[in-house]
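Take a look at this one chain, the form predicted on its own, written out in structure tokens.
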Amino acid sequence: MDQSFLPDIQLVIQANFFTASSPQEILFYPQALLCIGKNGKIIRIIHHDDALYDSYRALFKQFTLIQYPEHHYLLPGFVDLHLHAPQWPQLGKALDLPLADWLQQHTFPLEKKYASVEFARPIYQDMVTTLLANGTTTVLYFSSIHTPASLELARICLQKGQRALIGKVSMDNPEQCPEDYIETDTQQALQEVRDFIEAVRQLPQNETQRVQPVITPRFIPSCSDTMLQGLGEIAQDTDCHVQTHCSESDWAHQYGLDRYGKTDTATLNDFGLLSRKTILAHSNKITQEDFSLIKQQQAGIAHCPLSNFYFANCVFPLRRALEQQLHIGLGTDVAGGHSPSLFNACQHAITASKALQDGVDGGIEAGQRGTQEAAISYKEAFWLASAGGGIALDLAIGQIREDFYFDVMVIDTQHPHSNLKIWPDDRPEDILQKIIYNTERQNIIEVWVEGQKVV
């Protein structure tokens, strides 16, 4: 019996768990023994059918051994690939407005206020607490243009235990940015990005880089050529992640074509902003050439099904992207999306794919109104919210497997005040499907990040 890994153990978990090994394959393991290392990673998994299971379990009693009951299930912590942190107070607000009015009347005036760290702090504290309570262990954040508030968000994520990638937003194009919410000195703004990257990396308690900086051009219309070129150079110099909106709507997509004569994807590539560490939010209007370029560069896509219904004018061709084996995860797109829950994002991704497949106009003949074979199931949705997001970020998260961080949530399927109901004849696949469709915040009784309980 191998005991070489014992000195590295900090605790052992005995529990049922689900994890996705591919968009179509979900694995279920009952009452497995998960050995969590001092580095916060899963260093060994002993499955219940292992011949040495009982022997290992007896051996592990020398460590802290946490045993969850049969009606509790571990899921990988969910990964939100697109969320606008300063829009948190706007959640569920003004979604009856067109995008331009929503931005000009609500979003930009709100984001301006983050010039004050005192204004930002309580909002960001509430946001991170709420996201963790919803099982979101990793978030790719858009912040505002303000370095101090963006650094405060990083500190709060470290304090509360969330894994985060945070971008101080870059926007300097006077033709597309509000007069009172714009970076007027492009060179100074570029230097602030470099300073922000270094400051995040040097934060106390960030030795493992659980919080990382991100280069964040808001989107092509908001940035000058000088800004985009400079950010591309910073990306090459610092090996940072990059995030931006890409071909989100008809207007945004056409703007890029008119300005550069090419798509957003091609333009970002030209500026050195498309790489293995890039996440493209939305990408609803990308072409087949864009698909190929994204795959070639191994960039990722943040699929935001809920906000797409409100502001993007179309539905992302998710099934097509999965079939081409692109790196894809889910984003809530708070506050264009009105829910902070990635369980809701899973549900909306399934709904959007079915709407795309079946069509929505009953006045059109059934055979012509939809897009064939566009639908996904709960399996793909679960993959996107967990493993897909981890792979897109190129981090060892989103799966419960050896050498991955122990970032998990614990689901109580017998919570008395819940819509989640499990019956004796439900198979594991039934249980997971019910969890995806009916989990609410009260069902998520614990959340762990990097081997530490944070909820």
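Values in this document were obtained by computation on a predicted structure and should not be read as measured data. Don't overthink the numbering: it's just position in the shown sequence, from 1.
A second form of this protein, the form predicted in complex with another copy of the chain, is not displayed here; the remarks below concern that form.
> Although the partner isn't part of this model, could you tell me whether R163 comes within 4.5 Å of another copy of the chain in the predicted complex, counting any heavy atom of the residue?
No, R163 is distant from the partner.
> Can D49 be called a contact residue for another copy of the chain in the predicted complex at 4.5 Å between heavy atoms?
So D49 does not count as contacting another copy of the chain.
> Can you check whether V360 is within 4.5 Å of another copy of the chain in the predicted complex, heavy atom basis?
V360: contacts another copy of the chain in the predicted complex.
> Going by a heavy atom distance of 4.5 Å, is P178 a contact of another copy of the chain in the predicted complex?
Outside the cut-off, so no.
> Identify which of A199, L257, L322, C314 has a heavy atom within 4.5 Å of another copy of the chain in the predicted complex; exactly one of them does.
By the 4.5 Å heavy-atom cutoff, the listed residue in contact is C314.
> Between E373, E118, D96, D225, only one gets a heavy atom within 4.5 angstroms of another copy of the chain in the predicted complex; which residue is that?
Residue within 4.5 Å of the partner: D96.
> If we take heavy atoms and a 4.5 Å cut-off, which stretch out of 383 to 391, 414 to 422, 23 to 31, 398 to 406 is in contact with another copy of the chain in the predicted complex?
Flagged stretch: 414 to 422.
> Listed by sequence position, which residues of 432 to 446 have a non-hydrogen atom within 4.5 angstroms of another copy of the chain in the predicted complex?
Read in sequence order, the residues that approach another copy of the chain (within 4.5 Å, in the predicted complex) are Q433, K434, Y437, N438, E440, R441, Q442.
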